[in-house]
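Encoded as structure tokens, the following chain is the form predicted alone, with no partner shown.
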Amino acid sequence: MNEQVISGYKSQSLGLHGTIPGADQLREKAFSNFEAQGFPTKKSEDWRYSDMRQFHKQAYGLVDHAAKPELPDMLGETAARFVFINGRYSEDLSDLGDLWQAISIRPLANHFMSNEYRVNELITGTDAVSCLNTAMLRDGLVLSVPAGVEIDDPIEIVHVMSDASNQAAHVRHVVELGEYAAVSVIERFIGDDSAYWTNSVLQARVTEGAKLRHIRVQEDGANAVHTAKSYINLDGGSEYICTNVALGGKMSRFDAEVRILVDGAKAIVNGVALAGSGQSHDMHVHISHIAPHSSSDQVFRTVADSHGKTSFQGKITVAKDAQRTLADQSFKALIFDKTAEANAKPELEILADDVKCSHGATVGQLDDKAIFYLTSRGIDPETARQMLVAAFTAEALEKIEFDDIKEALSGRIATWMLTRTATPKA
């Protein structure tokens, strides 16, 4: 890899020493791992669909200012809102509501100020992008929900990037759920048209009987690069329900790595990606069934317009002792033009012999017969296409338990379709 790129990131990481109590050694280890492997290329199987060439050419700088742009309206009713501007927490723009009475939420640096030994609980990551996130630790939230506490309304975390060309924000969130606790976290990513990089990691430990709902909405600016990873560990009888929606950015990639460690846990990871001209959205999921009597489900729906690209790689691993596992995986893509691209790579690795696992992938165009049926009943062709795409993506959104948020996301999809007015080409 370019020595100037390595040198640039090394200088940045060294400059952050002392900013997170107890993290200096962890930074050094993570940077050594990053330096040893460098940014991935298409020769790496897990990154074959992600164009990482720009990362090999220059080091993105750390954003050294925090502007205060206008914030978007909330997606729906929330218990609290936490705002990060250019990767830094903004107390002035955040609203804790009454949440502080029920759970513990603190900025990353403050959390480790009195718990330096706990910094080793941070996941370093194995790929270069996650390692760099660890080496560049600067800000994030630690959200701890005590045993038995259920938060009814979701918590919204808004990441805003502004005036940050050739600069990056590396944010780390930590979610800890006590036994039989429940919380919903919405992560939103927005920004202007500057050529910035958002590199986000969320790690969570979901203990016995607990439930974590995770909704991600990526609406970054047109020139942005977005990489994100979720590391989730599930204990007995716990649940992780994730819905990822990718709309913005020039290139985006979301990775979910879920490990089912104890009997009876359930993981659901769904996603929608809409790629217009010049956009590339990559979603990569690996669910590891390590314990028996567990289940997982993946539903991904993508749409690619002319010169747009969507990609999905989903892997289910069932360990030898993970008997009575139920696992399903479904990927479907629509392409609107012969220049559009949709890639799929579903994988099953099963070492147990008493399981029910399935996967399927299809790529096609909108059904001409369905469009004809709707237009024959007085619906104009564009509205017919919008209705069909809404129905196509609805299955991937159905696990969202909040009707107002589901409606808001359906509205985003409808708005995206309004800009696609040309008749699809073969």
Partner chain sequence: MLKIKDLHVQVGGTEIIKGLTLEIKPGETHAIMGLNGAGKSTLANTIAGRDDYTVTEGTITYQGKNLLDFEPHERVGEGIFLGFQYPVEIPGVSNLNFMRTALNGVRKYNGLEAMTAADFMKLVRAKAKALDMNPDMLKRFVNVGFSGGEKKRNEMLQMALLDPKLAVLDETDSGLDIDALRIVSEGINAQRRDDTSILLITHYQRLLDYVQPDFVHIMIDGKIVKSGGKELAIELEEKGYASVV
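Residue numbers count along the first chain shown, from 1. This is a predicted model, so every value here is computed, not measured.
The same protein also has a form predicted in complex with its partner chain, omitted here; what follows describes it.
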Original post:
Does its partner chain get within 4.5 angstroms of any non-hydrogen atom of residue 370 in the predicted complex?
Top reply: yes
Original post:
Do residue 62 and its partner chain share at least one heavy atom pair within 4.5 Å in the predicted complex?
Top reply: no
Subject >> Partner contact for residue 401 in the predicted complex: its partner chain, 4.5 angstroms, heavy atom >> reply: no
Original post:
So, in the predicted complex, is residue 388 in contact with its partner chain at a 4.5 angstroms heavy atom limit?
Top reply: yes
Original post:
Since the chain is shown here on its own, which stretch among 23-31, 37-45, 51-59, 375-383 would lie within 4.5 Å of its partner chain in the predicted complex, judged by heavy atoms?
Top reply: 375-383
